[in-house]
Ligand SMILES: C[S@@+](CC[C@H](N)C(=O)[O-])C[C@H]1O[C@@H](n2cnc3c(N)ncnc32)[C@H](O)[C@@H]1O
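First comes one chain, alone, set out as structure tokens in the form predicted alone.
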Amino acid sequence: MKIEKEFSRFAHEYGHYNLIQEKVTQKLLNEISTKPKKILDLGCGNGSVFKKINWEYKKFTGIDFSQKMLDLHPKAENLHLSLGDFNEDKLFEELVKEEFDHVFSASSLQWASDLDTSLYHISQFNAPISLAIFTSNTFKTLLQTAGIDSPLKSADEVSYFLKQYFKCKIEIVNYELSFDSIEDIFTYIKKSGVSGGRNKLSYKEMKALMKNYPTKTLEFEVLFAFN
């Protein structure tokens, strides 16, 4: 299943499960000292960045590859929402014609099919960035228990790509969520969007993993980049 289809499938429930993403978004906004007027939000989802903007802006542009997510995004004057995929060059060919004071991307760039190219395109805006990218130690215990590799890039890989295009502060933050049951953990994984729909396990393997999973917590590793 393509990642965008997975996000669309559970879009109506996403707000109940994106607890870590909300923390990530708040940290992004806490770190900026300016109040940009022309804002680009790549992978805007249901509006986590927009909802936390508490200053006046001239234009807020939100891009997401899920129409159902965009349908859930708040609507407002000077807000422009567009269906678009940051894996496609043509999106940036259009966006680069505009001027932005700040580029946000909260919890979405980890699903770039070519992160190096996506970051290059973002650098062409010549605007300050606030990026949050989930990295490979997310779900570390779960992946080790299942015996599978993370679909996400490591923090070192992401840092390397960032340094090719930006002079930025990089910070790695670890989060943890506790759950009442193992079943709740897997419901969260399915509906939060963090997995991106990339399920490498069969039904039988998933049942065995649920039986053998040693804890009622999930770990998350997020790389933040600011300049």
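Quick note: we count residues from 1 along the sequence shown, nothing fancier. Since the structure is predicted, the reported quantities are computational estimates derived from the model, not experimental observations.
There is another form of this protein, the form predicted together with this ligand, and it is not shown here; the text below is about that form.
Here the chain stands alone, but in the predicted complex its contact with this ligand, taken as any heavy atom within 4.5 Å, falls in 82-90 among 122-130, 82-90, 151-159, 95-103. Interface residue remark: residue 69 is counted as part of the site for this ligand in the predicted complex, having a heavy atom within 4.5 Å.
Taking the partner from elsewhere, residue 44 is found to have a heavy atom lying within 4.5 Å of this ligand in the predicted complex. Although the partner is absent here, residue 48 sits close enough that one of its heavy atoms falls within 4.5 Å of this ligand in the predicted complex. When contacts are judged by a 4.5 Å heavy atom cut-off, residue 65 counts as touching this ligand in the predicted complex.
Contact annotation for the candidate site: 21, 25 and 111 all lie close to this ligand in the predicted complex (heavy atom within 4.5 Å).
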